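Listed next as structure tokens is one chain, alone, in the form predicted alone.
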Amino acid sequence: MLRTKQLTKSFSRQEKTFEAVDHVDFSLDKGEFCILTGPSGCGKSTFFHLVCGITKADSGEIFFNGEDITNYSEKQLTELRANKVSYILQGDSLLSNFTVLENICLPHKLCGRYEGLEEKAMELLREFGLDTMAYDYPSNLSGGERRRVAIARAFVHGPELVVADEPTSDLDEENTAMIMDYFQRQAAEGKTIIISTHDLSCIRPDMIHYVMKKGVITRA
């Protein structure tokens, strides 16, 4: 499903160059549920940006379902993210002037996907205990509620791969467990999921655990 070969990305800071992602070999099969841990600044977000096609690598290769996407055009990468890959960003990514339901559906409607979209969005809102907030605006929601809306948006179109950067960072213990249960069920149904977190309580026995340190990813 997802494989990288010698993936590398460097940045310069205060006239010094450092490897945010340092020759990373990584792979996940269809239906695997992976957790990536590591200290802040170790390169997790940069790695996610690379595999989702948001940032271009300095060197190395990225394969999705066996196809080399390393040199995809921006149009091809946009189509990939619209149809097969979802990326849940760190922080608040909702649009303040759209309702919860509109926030979930709008990105996919812009890609021409309408059929059954609102019905699926409402199903996810019920799953996450947010169905009574479908017509509220993000300003009326707590941080944890906004985070759950962003997760619903990532799953509404049935992606093959979900990449989630700190998806439980704004959630309490109960909602963290609920979201992790949902991720686990989605993986059992064939979706491939990779999340990053600092919360080691999220680690479950059936998950694949990788650790990132100074741009290098190793199996835990």
Partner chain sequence: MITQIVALKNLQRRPVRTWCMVFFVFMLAASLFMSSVLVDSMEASLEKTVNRIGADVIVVPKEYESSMADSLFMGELCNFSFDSKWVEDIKNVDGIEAISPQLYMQTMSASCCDSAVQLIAFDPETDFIVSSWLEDDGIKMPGRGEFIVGSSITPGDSGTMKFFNVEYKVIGQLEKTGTSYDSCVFMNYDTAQDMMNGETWVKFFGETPDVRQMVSSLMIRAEEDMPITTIAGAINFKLPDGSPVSAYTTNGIMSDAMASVESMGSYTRILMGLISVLVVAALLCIFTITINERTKEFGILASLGADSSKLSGIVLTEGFMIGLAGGLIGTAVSVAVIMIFGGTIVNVMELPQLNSDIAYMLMLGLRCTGLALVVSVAASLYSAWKVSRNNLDALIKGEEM
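Positions refer to the first chain, counted from 1. Predicted model, so just to flag it, every value in this text is computed and none were measured.
Although not depicted, the form predicted in complex with the partner chain is the subject of the following passage.
Peer 1: With a cut-off of 4.5 Å between heavy atoms, is Tyr72 one of the residues that contacts the partner chain in the predicted bound form?
Peer 2: Result no; Tyr72 lies far from the partner chain in the predicted bound form.
Peer 1: Would Arg153 count as a contact of the partner chain in the predicted bound form, using a 4.5 angstroms cut-off between non-hydrogen atoms?
Peer 2: Yes.
Peer 1: Do Gln76 and the partner chain share at least one heavy atom pair within 4.5 Å in the predicted bound form?
Peer 2: Heavy-atom contact with the partner chain at 4.5 Å: absent for Gln76.
Peer 1: Using a 4.5 angstroms cut-off on non-hydrogen atoms, would Thr55 count as touching the partner chain in the predicted bound form?
Peer 2: Yes, Thr55 lies within 4.5 Å of the partner chain in the predicted bound form.
Peer 1: From the candidate stretches 170 to 178, 30 to 38, 47 to 55, 190 to 198, select the single one in contact with the partner chain in the predicted bound form, where contact means a heavy atom within 4.5 Å.
Peer 2: That would be stretch 47 to 55.
Peer 1: Does the partner chain come within 4.5 Å of a heavy atom in each of Ser96, Leu106 and Leu110 in the predicted bound form?
Peer 2: Per the other structure, all of Ser96, Leu106 and Leu110 touch the partner chain.
Peer 1: Go through 62 to 85 residue by residue and record those having a heavy atom within 4.5 Å of the partner chain in the predicted bound form; state none if no residue qualifies.
Peer 2: Residues within 4.5 Å: Thr78, Arg81, Ala82.
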